[in-house]
Each structure stands twice: as structure tokens, then as C-alpha cells.
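Coming up is one lone chain in C-alpha cells, specifically the form predicted on its own.
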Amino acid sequence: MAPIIEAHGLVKRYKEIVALDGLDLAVEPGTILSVLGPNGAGKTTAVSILTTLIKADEGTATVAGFDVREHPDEVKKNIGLSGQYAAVDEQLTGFENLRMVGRLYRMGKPAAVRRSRELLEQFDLTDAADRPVKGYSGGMRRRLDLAGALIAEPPILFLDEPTTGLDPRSRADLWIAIKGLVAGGTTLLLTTQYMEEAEHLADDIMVIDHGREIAHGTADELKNMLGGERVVVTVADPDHIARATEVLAQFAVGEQHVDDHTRELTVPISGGAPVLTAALRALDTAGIAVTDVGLRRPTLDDVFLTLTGHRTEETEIASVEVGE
């Protein structure tokens, strides 16, 4: 089956900054591709090119079979877009916002009203439909924005970091809505910084950094790239972190990761439980107390750390909160 979204060699420069550096991607109909990367990786630039908001300096892209440069109007007829921030009018009610979007799509008034009511029900906003959006929570605004992207029932949807800033409950609610859309046949390109989001939603994951692809596959395929297991140790005394790193180095088969905020050390090993036991004995002999220890398989975050040299913003924020 031919990809419904496809790009080859996309390049975008802003003076000396290279936002995209030869990016290729393909999305099969009825699937979710998650483009995963840190701030500045080029995710939003790629979405902007694919949705005809900006033009690439080099490369080609097609959406729904139409070239984004040569036939932007045809592309727009087949897509919905929800950006990083909810594009809603705070002075209007939820219903008025959706009806307005419908009319902008040149829907007749009865059709715009009917579709608006359908979407308000679908996104659990019926009770708030006639309230001004300025009183909505962040999660409600996000759901309303997503509803607006669907007003014309597009077969293709672009979501650019749709859950940024949401609390866990609102994020989970939006995930349910997104999975329902894809179950109904919608094709989705989703950009995110959240590992859990990519793993929970995506059929296919592309990791990008500095405007280029650095890994591609399913969540399991990406994890299997690293192989082995990880010993995770939390040191009781922050003054012992450096010494613990030295002790555990003899068991490591790759680069250790040290999180000073949580006092957690992650050590890639080979050998399983016997190596874990030996590592704990070595720490005990060195007089280093630990408050927690575990043995686990690589996570998607380990993949990201290995490929980019740092964790995602999601993990970094969590670490800061623990440290505080």
C-alpha cells in the first residue's frame, strides 16, 4: 500500500541554522507515525512543510497523493492540523468556536451546527458547549482544538505535540480520543517529546535530532537495538554518587547514566541477576548504601539517551521535580 504521507530529502534553513537536514518519512494509511525528538529537533518544521504552512528549501513531499508545493489547496482539503497551542477564541463558547471553523471550511450553516454538536459529544464537551472557552481547563481547550481540526472530517491529521502542558489525566483522555480517531480510519502524524506517548499511541516511531532521522522502528524494535539489561541503583548519600559510579564501572558494558537529582545510576550490563548480585556486593564492600535497586530491560528513554546523549524533556522535568 502506498504511503498517504511521504517526504524525501526535506531541507529547511533559517540563515545559519539548519532546521531540517535531509529528512525522509512515510506514513501508511490508517496508522500513527510518531516523530519523536527534543526541542529544536525539527519536528514542528517538518509538520509545517507537510501542511503547506512553509516551503522546504530542498526535497519533495506528498500528502494524500498531492505535492505540497504544487497543489497546496488540494492538500489542505485532506488534512486537519492541531498545533502546539490550542487555537481557540476564548471569548466564544465551545460550540461557537466549532461552528465558526465549520463555516470557514465553507460548510452550510445546518451542516456546521450538526458537525459541531457531534464533535462536542465525541470529545465529552457537551456540558461545557455553551460556556465561554476562557473558563475551560487546559485539557478541555486541547480537546476543543482537536475537535476543530476534525470539523471537516479529514482523512489525515497532524498533531504537533498535542499534550504538552497537560496533566496526566487530561493527557490520558486525549490519548483515548486519538486512538478512537485512528480506529475509525484516520491517518495520524504525531510529534511528541514524550516517550510514553509515542510508545502508547504509535505504530511506527521516528527519532529525529538536529533535523535528521537517527532511528526508526516500532517501540520494541528500537529497544532491541540496545539489547542487554540495566541495573538501576539509587544511592542513599549524594556524596557517594561519584564513588558508586567508579564501583559500578567494572560491571558496565556501555555508558552509565547518572541523575544527580534523583541519585539514580543506570548501568547497562550483560549477565542478568548474577551480575546484579555482584554489583550490590561491590557497593556494600565500598560502604555505599542504596535505597532502591532493580534490574530491567531497556526502555524507549534509554534508546533516546543513547542516540542523542540526553533524556527527553519529560524525564528531565520529572527529575527536577523529584530533586525539589
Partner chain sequence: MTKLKYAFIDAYVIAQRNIIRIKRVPEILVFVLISPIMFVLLFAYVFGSAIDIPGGSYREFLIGGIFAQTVVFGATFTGAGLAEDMQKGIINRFRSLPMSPSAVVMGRTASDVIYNSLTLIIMALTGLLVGWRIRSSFWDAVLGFGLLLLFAYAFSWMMALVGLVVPSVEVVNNASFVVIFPLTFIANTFVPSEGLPGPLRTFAEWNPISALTQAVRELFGNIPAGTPPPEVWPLQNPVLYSFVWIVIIIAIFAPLSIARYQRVTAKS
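Residue numbers count along the first chain shown, from 1. We call the rigid core the largest set of C-alpha positions that still match within 1.5 Å between the two forms. In this text, all values refer to a predicted model and were calculated from it rather than measured experimentally.
Separately, the form predicted together with the partner chain exists; it is not shown, and the next lines address it.
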Note which of 239, 246, 89, 124 lies within 4.5 Å of the partner chain in the predicted complex, where distance is taken over heavy atoms; exactly one does.
89
Contact residue in the predicted complex, from 177, 100, 111, 219 (heavy atom within 4.5 Å of the partner chain)
100
Look at the candidate spot formed by 105, 145 and 148 and say whether the partner chain comes within 4.5 Å of a heavy atom in all three of them in the predicted complex.
yes
For the chain shown here without its partner, which stretch in 287 to 295, 46 to 54, 30 to 38, 256 to 264 has non-hydrogen atoms within 4.5 angstroms of the partner chain in the predicted complex?
46 to 54
The partner chain contact at residue 132 in the predicted complex, heavy atom, 4.5 Å
yes
With the cut-off set at 4.5 Å between non-hydrogen atoms, does residue 210 touch the partner chain in the predicted complex?
no
Test of understanding: in the predicted complex, would residue 169 fall inside 4.5 Å of the partner chain by heavy atoms?
no
Is there any non-hydrogen atom of residue 156 lying within 4.5 Å of the partner chain in the predicted complex?
no
Heavy atom contacts to the partner chain in the predicted complex at 4.5 Å, residues of 56 to 85 in sequence order
73, 76, 77, 81, 82
Indicate whether residue 164 shows a C-alpha shift of 2 Å or more between the shown form and the other one, with the rigid core used for the fit.
no
Determine, after fitting the two forms on their core, whether residue 93 shows a C-alpha shift of 2 Å or more between the shown form and the other one.
yes
After fitting the core, residue 79 CA displacement of 2 Å or more between the shown form and the other one
no
